[in-house]
Every structure is written in structure tokens, then in C-alpha cells.
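One chain comes next, on its own, written out as C-alpha cells in the form predicted alone.
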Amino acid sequence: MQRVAVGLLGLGTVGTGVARLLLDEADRIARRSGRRLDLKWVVVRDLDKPRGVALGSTKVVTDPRRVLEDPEVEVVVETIGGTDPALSLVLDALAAGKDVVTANKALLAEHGTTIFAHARRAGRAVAFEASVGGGIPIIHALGVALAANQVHSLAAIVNGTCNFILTAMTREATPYASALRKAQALGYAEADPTLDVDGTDTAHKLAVLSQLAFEANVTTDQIPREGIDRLHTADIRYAGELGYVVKLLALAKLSEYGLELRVAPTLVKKGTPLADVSGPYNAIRVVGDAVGDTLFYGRGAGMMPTASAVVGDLIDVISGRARVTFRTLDLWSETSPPPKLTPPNRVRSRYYLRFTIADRPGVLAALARVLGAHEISIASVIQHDPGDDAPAGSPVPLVIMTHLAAEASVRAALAEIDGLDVVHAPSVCLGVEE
């Protein structure tokens, strides 16, 4: 059987999983790809670091040039992460006539147009199933299996760190800081979790999904985003009383006004599929005009689920399927017009609002007047008694659920309400996804 040489850039968590599959399941992969994969090179930063995989005859080096300049290497697998030096290495691999498999969502979100232009000029393919959803085959689904559809909307839980934290906050009333420490201890969160908890990682993935679902060349800075790092357990508790759970959602919706994109903690109705996604799992709900409502669910991160997607891409590349798909989809095209994004005054949703107010007559009426002046209708109200032991006049929480309202109107109303002398703290606003 013909052999194909592969170079692997990075031997961290994902890279180790890829090496394990290539070495331990070589016969199975050969049967399914039609060629035997030879993991010829692995590039690492520290040659002395202990490895979680026995590499056998594979050459381990610190200089990626050894891979890029080897004419026998046909495919380069990039699992370094980030954009520097990943971008230059990927571009150099393409220029050297090598196909590329990557799990790097940040690289695609920020530099997809550049990478794909280089690939087209070089006549090479770029495969990236592992960039979103770990082992969930959402890239293939959107690009191939659902290609007959116009996608109307997608709502996705695509960050396992945040979903693990929110699950602990919901089920055990664990404060955010404690839930984060637990996620770090179990390996679900990085030592520096900023890109996860501030919504950046989810925004990167939404940019990739938007390219597949809507042919929209959007970058991360075009996606409004909020993370979970300022979320209070009180809001999770009150959402529960109203029949909802809070999830960090990546949302994309197509309307006559354009494409609406956002990443934010969002109330999701209990008993719906997305509400039941717990721990480090991911799920992507896609609604198409022909297929209707679909849900893709599974492990969205971790060594072997992500390695599964990477090696699946390798098989596609080696068998020749990836190059055909690459040419057909024409992703991140340089000639694509800028995306038409929905203006804020056209974004409409239901909203959860929490205020900390003085416990005296007339306060609710004052807030209702401001909301009414901005054409925001109240659907329900929760106000808890401060308790017999609380001093007179102690601030109390007031939770309001709205009917459909324009986002711009809600923001303007909240700015006005926060200036009232009866309001003791900045208001909290979360969207609602039915």
C-alpha cells in the first residue's frame, strides 16, 4: 500500500491524541484512507518534556522547517493553537505544496481569507473539522450534508469550560470563582481561562460557523460578546424560578435586515435540548429551510474527541475528498461582499432584567414608566421580600421579564433606570432564547 508522510506541529493535548490515533490505529486508518499514514515528524518546543505517547521511529524536533522543507511530507497537521506562529507556519506549508489540517478556530476566525487565498493559489486544501465542537462533525454537516439548505438560525453551546462552570453554578449553586477553580482542577479550564470565560473562544467558533452557514466573512471584533465572568448565581437562581437555565450561547439569525450575531449568557427554556446540555459537552442547533430543526451533540473538547476530528480530516485529505470539497465550497473568498449585519435597532428579543431597588412604594411603577416610554412591555415580575430581619429600606432585587423588544430600546431604558435614585446598583440584562 502506498505511504504518505505526515508532519505534526505541536504535541500538546490535541497533538498527543492525534499521534496516538495515527500510531495505534494505523491499520484501520490505512483501510479507510486507501494509503498508509507515516507520522514522520513531530515538532515540539521542549525535547526533554515527558510525552503521553510512544513515538517510535517518528522524528521529534524543535525546528518546524524540518517538516516544511521535507519534500516527502504531503500533509501538515497544525495543533499549536493561537495565531503566532501558527499563521506563518500554515502559509509556509501551503506555499511548499502541502495540504493542511488544523484545529485552530482563532486562526480561521481572524485570518481565514488570507489562508484560503494562499491555499487556492497553491492548489492545496485546508481541512478544519476540529476547529468547532471537538468531535462533533458540525463542519462537515454545514458544508456538505446540509448544503441544500438555507440556514435560518443556529444556537450553539461550543465552550465546554463555560458550560461546565454554568452547570455547577446551576445545579449546586456554586459561586463562579469556586466553579472555575473546580474546572481548572479537573482539566476543563486553562490556568488562564480568560479567552474561554470572556466569550472570545465562542466568538471565534461562531465566526467559523457563520462562514459555513451563511457565507459570511466576519471577524471576532464584529461579533458582540459577553462572557460568564461577571455572571451572578442570583441571576441563575431567578432564571430557574422563571423556568429557564442560563447558557453561554453563540447565536446567529438571518432576517430581512441581515445577519444577527452575538455571544452572551442567555436564558434557555428548561426541558429544551440546549437547556439539558451539561458539563463539558457541546451542542449546536441548526434550523434550515428544508431539513427543519436539527441538533448536533457530543464532547466539544478533550484529547481524543478533538483528535478524532483531526484524523478524520486527514483521511479526507489523503483520500482526495477534501480537495474536491475545498474547491466546491469556496470558503473565505476574497471576492465575497462584506456581510450585511443586523443593526442594533432591528435586533429584537425577550429580555431578563434584574434591578437592585429601594424597598418602598412606587418604585416598580417608576421603572415601568421608563420601560413603557421606550416601548418595552413587561411579561412577568419577581420581587422577593427582604425578610423580617432586614433593616427598613434595605435594597431588594426586582426581576422583570419582557415581551419582544428592540435591543437598542432596552439599552437606552436601562441607562435611564440606572440613573434613578431608587436604583442601588447597575442593572443586569440577559437575552432569552425560546
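When you see a residue number, it is the position in the sequence shown, counting from 1. Everything quoted here is computed from the prediction, not taken from an experiment.
The same protein has a further form, the form predicted in complex with another copy of the chain, not shown here; the description that follows concerns it.
Note on contacts: among 198, 190, 110, 276, the single residue with a heavy atom within 4.5 Å of another copy of the chain in the model of the complex is 276.
None of 88, 150, 194, 345 but one reaches within 4.5 angstroms of another copy of the chain in the model of the complex through a heavy atom, and that residue is 150. By the 4.5 Å heavy atom rule, the three marked residues 81, 92 and 331 all fail to count as contacting another copy of the chain in the model of the complex. Another copy of the chain in the model of the complex comes within 4.5 Å of a heavy atom belonging to residue 31. The closest non-hydrogen atom of residue 289 lies within 4.5 Å of another copy of the chain in the model of the complex. Contact check for residue 140: a heavy atom falls within 4.5 Å of another copy of the chain in the model of the complex. Using a 4.5 Å cutoff between non-hydrogen atoms, residue 308 counts as a contact of another copy of the chain in the model of the complex. In plain terms, the part of the chain that comes close to another copy of the chain in the model of the complex, with a heavy atom within 4.5 Å, is 322 to 330 out of 322 to 330, 352 to 360, 101 to 109, 256 to 264.
Heavy atoms closer than or equal to 4.5 Å to another copy of the chain in the model of the complex belong, across 208 to 240, to one residue only: 215.
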